[in-house]
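The chain below stands alone and is given as structure tokens, in the form predicted on its own.
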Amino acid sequence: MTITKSALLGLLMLGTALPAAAQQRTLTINSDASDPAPKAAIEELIADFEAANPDVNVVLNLFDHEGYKTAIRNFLTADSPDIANWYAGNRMAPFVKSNQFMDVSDVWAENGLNESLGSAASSMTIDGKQWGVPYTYYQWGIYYNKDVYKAAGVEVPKTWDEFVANCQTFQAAGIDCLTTGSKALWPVAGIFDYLDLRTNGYEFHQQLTSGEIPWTDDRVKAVFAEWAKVLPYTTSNHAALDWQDAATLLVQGKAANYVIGNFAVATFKDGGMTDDTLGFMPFPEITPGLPRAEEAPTDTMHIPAGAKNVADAKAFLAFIASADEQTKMNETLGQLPINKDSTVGDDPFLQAGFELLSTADGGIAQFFDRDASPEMAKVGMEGFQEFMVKPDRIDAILERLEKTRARAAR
């Protein structure tokens, strides 16, 4: 058989290419980042990682949000990827307790993450170990109408007592002090979370949402006692409103304050508010001296126990934890980096959120329906809405919540 010069050259080139291809390693990532912005952000991150690690080929498997909740329970036991997207706090706890997530405390120690990611460390720690790396979150707090405050002649409150006192002034002016839409239930969970975090603190809140503390505990009743102080000043038909409807009331100056996440800023501005008329404040202090905890749903990356390429998975976690990559990724997401050495753009609400969360010394909560079990979250949020409509039913509501907790604990 005769081999032409060009064919021989091709074979030689193929031969030299084979060792490089054989040396390239595969890193598999499963994620629910299927929406446009998250998809663009994770694809950009992967491109950066592959450029920095040319011997690694990253394979990304994307799932829709709802499908992923079921899929993760299947692929962690059957066909595990090397990296899996998930959430911090109690949402990751079942996978930690069932030994399906790997301890990555060494990644934290070797890369100084306890300092750079310190604000979210508590939400990533179980039994003194870290089980993943957080890369994005967004703040909750109180958004308010500056013009309404100015017209009423009141100052932005620092304490809950000051907030409640302001409510009386707003009511006299015919304005709802606090608005919300509880038709979908979840918005009022943010109010409960902050009242508990400010009354009892982060550790208590985590123990309560994880089912370790009875709902009939006097410390829980104290939270609802604080909530009752503002019910007379809250939008009365909230149970018929979606969260966007309540946002309209703030835009129109019919309400002064709204406990909501930073995602609502776009809705406020679409309604005509500007940086000059929209304000943001931390939820006020209730128990003096209590370390300040904040509400910031956090997205995370984990290494499943069944990962095949652990070394590169750990390198990827360190990469996504870096200040530069978190800055870049969150610019695309329109959210906040967790690394305290990252930077945010000129948006004043992102800047305020970055400062708020980076300095939270009391911990980062994940939101009630992430921190509690699905059954407890549903019954709990129904109870919160019922309390807002019929506060005199509080004892029966807490008994019902306690029965749900006790049943789940069996």
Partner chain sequence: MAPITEKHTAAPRKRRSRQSLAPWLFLAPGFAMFLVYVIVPVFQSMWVSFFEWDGLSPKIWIGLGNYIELFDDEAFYTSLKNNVIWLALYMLAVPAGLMIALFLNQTVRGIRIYKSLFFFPFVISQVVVGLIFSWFYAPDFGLFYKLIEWVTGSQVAILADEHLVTYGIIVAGLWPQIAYCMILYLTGLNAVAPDQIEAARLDGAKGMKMLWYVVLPQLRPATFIALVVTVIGALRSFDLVSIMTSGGPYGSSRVLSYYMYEQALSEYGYRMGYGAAIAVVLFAIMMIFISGFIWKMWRDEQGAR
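Numbering follows the first chain given and starts at 1. Bear in mind the structure is a predicted one, so any value in this text is a computation, not a measurement.
Keep in mind the form predicted together with its partner chain is missing from the figure; the text below concerns it.
Contact between residue 240 and its partner chain in the predicted complex is found at the 4.5 Å heavy atom cutoff. The closest non-hydrogen atom of residue 44 lies beyond 4.5 Å of its partner chain in the predicted complex. In the predicted complex, residue 57 stays away from its partner chain, with no heavy atom inside 4.5 Å. For residue 355, no non-hydrogen atom is located within 4.5 Å of its partner chain in the predicted complex, even though that partner is not displayed. Here the chain stands alone, but in the predicted complex its contact with its partner chain, taken as any heavy atom within 4.5 Å, falls in 377-385 among 377-385, 341-349, 30-38, 49-57. This chain appears without its partner; in the predicted complex, the one residue of 227, 95, 170, 204 with a heavy atom within 4.5 Å of its partner chain is 95. The single contact residue among 73, 221, 129, 150, judged by any heavy atom lying within 4.5 Å of its partner chain in the predicted complex, is 73. Using a 4.5 angstroms heavy atom cutoff to its partner chain in the predicted complex, none of 64, 197 and 308 count as contacting. Applying a 4.5 Å heavy atom cutoff to its partner chain in the predicted complex picks out 100 as the lone residue from 100-118.
In comparison with the shown form, the Cα-Cα distance of residue 204 and residue 96 increases by at least 3 angstroms in the predicted complex. Pairwise change in the predicted complex: residue 204 and residue 99 C-alpha atoms lie farther apart than in the shown form, at least 3 Å.
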